[in-house]
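First comes one chain, alone, set out as structure tokens in the form predicted alone.
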């Protein structure tokens, strides 16, 4: 049998699906695969599904992996999934996710994606930047001095709950006027549907529409985002801001007006560059691979990688 380069198992766990893969020591994605997250079956079922998925991926490699990296939602330390409301988790040790007997490191899903963008993507070479994926919700990864910053208790990056309009709509978190309430993909669709008298709508309908209601909703989303980014810039002076997630696929319809308003709001200083994320939906899995190599005692491997995730075989 030909020798397969040493590899790690990398898994990005989301509320609806999981993306896993095998990533070699020279940054080659040997295999990637998706599975549903059985959230409706309860927290133990999700843990079991993760353990089975990791075992299945490892079986396709040559021998045991060098380590396992997991990107998971909620409050997390490197060795414990402390709390995840969407998955019903509380204080689950990292080793519960695999029976392979290899080192495991956990990471917060957004910060793990930010780590990947820092080492392999749009933020490569930048010591300080913000990675902000805009999807169903909004949370950011603060890259400070070259590493994701978790804060005193692991709650950093909750930019989606900055009150941009203090007298505005109530957010699901209980506050009023949060960025997420106006600028997340889910909220853009919801707010348009409410005003247009529709049962539901998607953010994509709002972005491309010349409907006056859609224009108004989109303008409010852009305004909210520019306010939050101006606040972040004035506090932390990032070298750049990297926008990802589903809403970033709007391209110039999002980037151009946000960039213009950010420049206007930062009247006495230069605005940081506003860039699209480079790794897309693969950021979490690639970040988990970096965590897996850290678990294996090789934290600096990613610096020399030239990862082309499009070349990876995907099993649906």
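Residue numbers count along the first chain shown, from 1. These figures come from a predicted structure and were not determined experimentally.
Another form exists, predicted together with another copy of the chain; not displayed. Remarks below refer to it.
- Query: Would residue 47 count as touching another copy of the chain in the model of the complex under a 4.5 Å heavy atom rule?
  - Reply: Judged by the heavy-atom cut-off of 4.5 Å, residue 47 is well away from another copy of the chain in the model of the complex.
- Item | Non-hydrogen atom contact residue 158 with another copy of the chain in the model of the complex at 4.5 angstroms | Yes, residue 158 lies within 4.5 Å of another copy of the chain in the model of the complex.
- Message: Residue-level contact is defined here as any heavy atom of the residue lying within 4.5 Å of another copy of the chain in the model of the complex; does residue 175 satisfy this criterion?
- Response: Residue-level check for residue 175: yes, a contact with another copy of the chain.
- Taking heavy atoms and a 4.5 Å cut-off, does residue 210 contact another copy of the chain in the model of the complex? Output for residue 210 is no: heavy atoms all beyond 4.5 Å of another copy of the chain.
- Listed residue (246, 73, 238, 103) with a non-hydrogen atom within 4.5 angstroms of another copy of the chain in the model of the complex: Contact with another copy of the chain in the model of the complex is made by 238 alone.
- Message: Looking at 222, 162, 201, 94 here, can you tell me which has any non-hydrogen atom within 4.5 angstroms of another copy of the chain in the model of the complex?
- Response: Among 222, 162, 201, 94, a heavy atom within 4.5 Å of another copy of the chain in the model of the complex occurs only for 162.
- Can you say which of 116-124, 94-102, 228-236, 182-190 gets within 4.5 Å of another copy of the chain in the model of the complex, counting heavy atoms only? The contacting stretch here is 228-236.
- Counting only heavy atoms, which residues in 264-279 are within 4.5 Å of another copy of the chain in the model of the complex? Sequence-ordered list: 264, 265, 266, 267, 268, 269.
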